[in-house]
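Below you'll find only one chain, the form predicted alone, shown as C-alpha cells.
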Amino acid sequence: MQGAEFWKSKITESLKNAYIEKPEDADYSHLYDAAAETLRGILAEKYSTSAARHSSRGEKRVYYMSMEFLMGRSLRNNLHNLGYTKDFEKAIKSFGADPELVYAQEPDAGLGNGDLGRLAACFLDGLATIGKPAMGYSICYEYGIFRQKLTEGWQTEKPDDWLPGGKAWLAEKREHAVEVRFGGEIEESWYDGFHQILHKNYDSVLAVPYDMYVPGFEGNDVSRLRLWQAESSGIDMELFNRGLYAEAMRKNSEAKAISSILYPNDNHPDGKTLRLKQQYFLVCSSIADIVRRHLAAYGTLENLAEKAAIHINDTHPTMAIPELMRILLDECGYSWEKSADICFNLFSYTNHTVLPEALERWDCGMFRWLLPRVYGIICEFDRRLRITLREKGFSDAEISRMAIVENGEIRMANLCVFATHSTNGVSEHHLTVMENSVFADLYRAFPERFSSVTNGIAARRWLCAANPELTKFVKKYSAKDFEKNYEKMYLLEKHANDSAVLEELGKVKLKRKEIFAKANRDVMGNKLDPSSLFDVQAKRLHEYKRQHMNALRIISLLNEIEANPNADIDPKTFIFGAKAAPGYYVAKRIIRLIWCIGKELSESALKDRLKLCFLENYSVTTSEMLMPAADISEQISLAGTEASGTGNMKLMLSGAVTLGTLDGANVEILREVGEENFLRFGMNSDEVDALRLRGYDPMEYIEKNDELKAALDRMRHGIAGEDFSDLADLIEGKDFYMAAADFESYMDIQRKAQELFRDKETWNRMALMNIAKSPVFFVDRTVQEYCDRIWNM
C-alpha cells in the first residue's frame, strides 16, 4: 500500500512537471490533475500485471459491449477500492488543502444515462473484484448525453463538456486505431472456389481508442474500458485545392458527430442515420480490436469462443454479430456454418426492456445504403431463421412475427435471440414478462436460450465510499470485512429488536439528511427540513415510471391543504431527479408540472412543512449524496414495464423503504425483506394484462375517485398559473400506463407510510431490515452468475 509520503512525493513531482508550481501554491484543479495522473499510472501498472497473469493461465476473457457506461467520478472510488483513501487525504491536508474540494474538481464522465449504463460500470468493478479478466467497449462521447438546465421548470439541454477534466483518466492508444467504413457498393465474385467480397466507394472514419482503468476491491485485478473516439480519415485535398473548402471539411465534421453525443435525437432521418452510424462504429472497432488481440495471443480464431465471451448489453451493439460474421466469412474464408457456430457460442445478450418501442428496428433501405455488407449477412440470418422455424412446425403468421427482416424493417432483438446462445432478463419477473409478451413466440421456439440474472450494484461505491457513517454502523454491528464477504451484512438482522441500535441507525440517517439539506434547496430556493420524511423518486423521466402519478398525489395533498388549512399534515420533502430525452415532449411537460407543484407548495399554508426539491442535472455524483438521505424509495412503475432497476437496490442498501409495485427487482426485494418492511401497492402484471384484454377505460376509475378527479381538474384550471390540460387529457383519454387504475391503492399506501414514519423505532427497524437483506443485490453475486451460467468462465 502506498503511504502518505508517496502521495506527497508523486503529487509534488507532477505539479512541478506540469505547472512548475509547489503543492502549497497549486489551485484545486491542478491538485486533482496531479492526483489523477498518479493514480492512472498505478492502475495501468496493476492492469498490466493482472492481464499478464490471466494470459499466462490461458483464462477466458469477457468483452462487454454497451452504448453507455455510467461511470460517475473516478478519483474517490478508485482510491477506496485500492485502499489509498486515508493516505491520499492525509497528503492533501499536509498541503493545506481540503480533499473534498479536490474530489469536487472532477466532472462526472459523460458516458451514460440510466440503469443500463450504471449496470455496465458496476460489472467492470465486480469482475475485477472476483478476479475475472474483462474489457468493456463503448464510445468516448465528447458531450455526454446533455447537461440539464431547468429554467422555471423547463428543461433545456446544454453540452456536457466533461472531457477537459475527465480526460485525465483516459490513456490514448492511437496505435490500435481502426478504420470504419460506411456506404459504398459491394461486389461479389468467386475465384478458385472461394467467395470474394470487394467493398468500393465507401466513406471511412477512424476509431481512436482511449483506455480507462477500473480497479476491483483491494486492487488485485483491474478491468479496462476501451472508449472509441471518431476522427476523419483525412481531408479531401482534391476538393480543398479546387476551393471547395466546406465540402473538403465535411467529412471531418461528420466523423466527429459520431462520438459527440450519446443518444442523439432520432425524431428525424438525420438523427436516425447518426444513431445507426454510432452503433456500427462501436461494434466494428470493438470486434476488430477483439480479433486483433486474440490473434496476437493464439494465432487463430478457431478457439475464439473457447477463450472469449462477448456480451451484448441491450440491442444497441447487436451488429457485433454480423460484423464478426463478415470478418470470418470475407477475411478468414470460413464457411457460413462454421462462422455462425463460432458466433453462437461466443455471443450472449441481455435484454433491458420489454417496451416494444425500445426494441430497436431499422429501416431496411437506410440500413442497406449505410451498411451494405452487414445488411446482406443479416438477410441470410433471416433466411436461415425462417427455415429453422418451418422445420419446428411454426405457421407463416408465427414466423412473420419472429422474423429478423419483415415489413421493411430489421428487428435487432430477434437477431440476438437467434444468433446467440443466451438471452437473459435482468430480474426473475422480467424473464416471466419476456416469455409472456414481446418474446413469447421466440421463447416457444428456443426456450433453452432464455434465463434471468438479477441486476446488482457496486455496493462498495454506494455504501462505503458514499456513506461513511452507515459503513461504520454496518461494520460495528455485522463484520469489519463485509466489503469482501458481503453476506456477513445479514448479521445486522439480529439487532432488529434492539432499541438502542435502531436509535443509532436513525441518527446515522439524520446525519446524511442534514448533509443533503445543506447542499440542496426546494424549487423556490428555500431550505429543506432534515427532520421531515424524504420521499425520493430519482430516475430517468418516462411515462412508464409514472412520475406523473406521484405528481397527482402531491396535487391531491395541495387540494387537502386548501380545503383544510389546519389539517394535521406531517412534514415531508418530495425529492425528484430526472432527465427527459430531448425529443420527448410529454416527459418535459411532466418535469414542468412537478416544478410548478413545488412552486405552489412553497406558497401554501403549510409551506414550512411540505417542500419539493427537483435535482437539476441528476447524475451519479448527485445520486451518491441523495441515496443515503432517502427515507422512501418510490418504485412505482406499472407492473410488467420495469425490467429490473438498480436505483431501487441502491436506496434499499442505504436504508430507504421501497414503496412500489410488483415490478422488476421489486418482486425480489419484497421477497427478501418481507411484507412488513415493504410498502406494496397496485396491480400485478397478470392483473394489468387482464385489464388491457378487457379494455381499459381510465374514466371508469376517475369517476369513482373524487381525489383523482379533483387533481385532474386542478391541472386544467392551472398549477402555479399554468394550464396542464394536455397532461390531464392524456390521463383521462389513453393513460397507457394506468395511473388512474393504480391511484387509489397508491394513495392508501402513502397514508400508511406516513403513519409508520411517525413511529421512529418501527421505521428504523424497517430501514435496518432493508440494509441487512441487500447483499443479494451486490454486483459480485451478479457477475459470478454471469460467469458460471452464461459466459462459461
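For every residue, the number given is its place in the sequence shown, counted from 1. Everything numeric here is computed off the predicted structure, so don't read it as measured data.
Keep in mind that the form predicted in complex with a small molecule is missing from the display, and what follows is about it.
**Prompt:** Ok, His316, Arg461, Lys611, Arg224: which has a heavy atom sitting within 4.5 Å of the small molecule in the model of the complex?
**Reply:** Contact with the small molecule in the model of the complex is made by His316 alone.
**Request:** Scan Glu668, Glu707, Asp266, Glu624 and let me know which has any heavy atom within 4.5 Å of the small molecule in the model of the complex.
**Result:** It is Asp266.
**Item:** Region of this chain that lies against the small molecule in the model of the complex, out of 551-559, 79-87, 225-233, 113-121 [heavy atom, 4.5 Å]
**Value:** Contact criterion met by 113-121 only.
**Message:** Residue-level question: is Glu360 within 4.5 Å of the small molecule in the model of the complex, judged on heavy atoms?
**Reply:** Contact check for Glu360: yes, within 4.5 Å of the small molecule in the model of the complex.
**Proximity of Gly645 to the small molecule in the model of the complex, heavy atoms at 4.5 Å** = Because a heavy atom of Gly645 falls inside 4.5 Å of the small molecule in the model of the complex, the answer is yes.
**Message:** in the model of the complex, is there a heavy atom of the small molecule that lies within 4.5 Å of any heavy atom of Asp33, even though the partner is absent here?
**Reply:** Looking in the model of the complex, residue contacts with the small molecule do not include Asp33, since no heavy atom lies within 4.5 Å.
**Asked** Using 4.5 Å between non-hydrogen atoms, is Arg275 touching the small molecule in the model of the complex?
**Response** Within the cut-off, so yes.
**Message:** What direction does the Gly271-Thr151 Cα distance move in the model of the complex compared with the shown chain, closer or farther, given a change of 3 Å or more?
**Reply:** Compared with the form shown here, the C-alpha atoms of Gly271 and Thr151 sit farther apart in the model of the complex, by 3 Å or more.
**Request:** Taking the shown form as the reference, report whether the CA atoms of Pro264 and Gly365 lie closer or farther apart in the model of the complex; the distance changes by 3 angstroms or more.
**Result:** They are farther apart; the C-alpha distance rises by 3 Å or more in the model of the complex.
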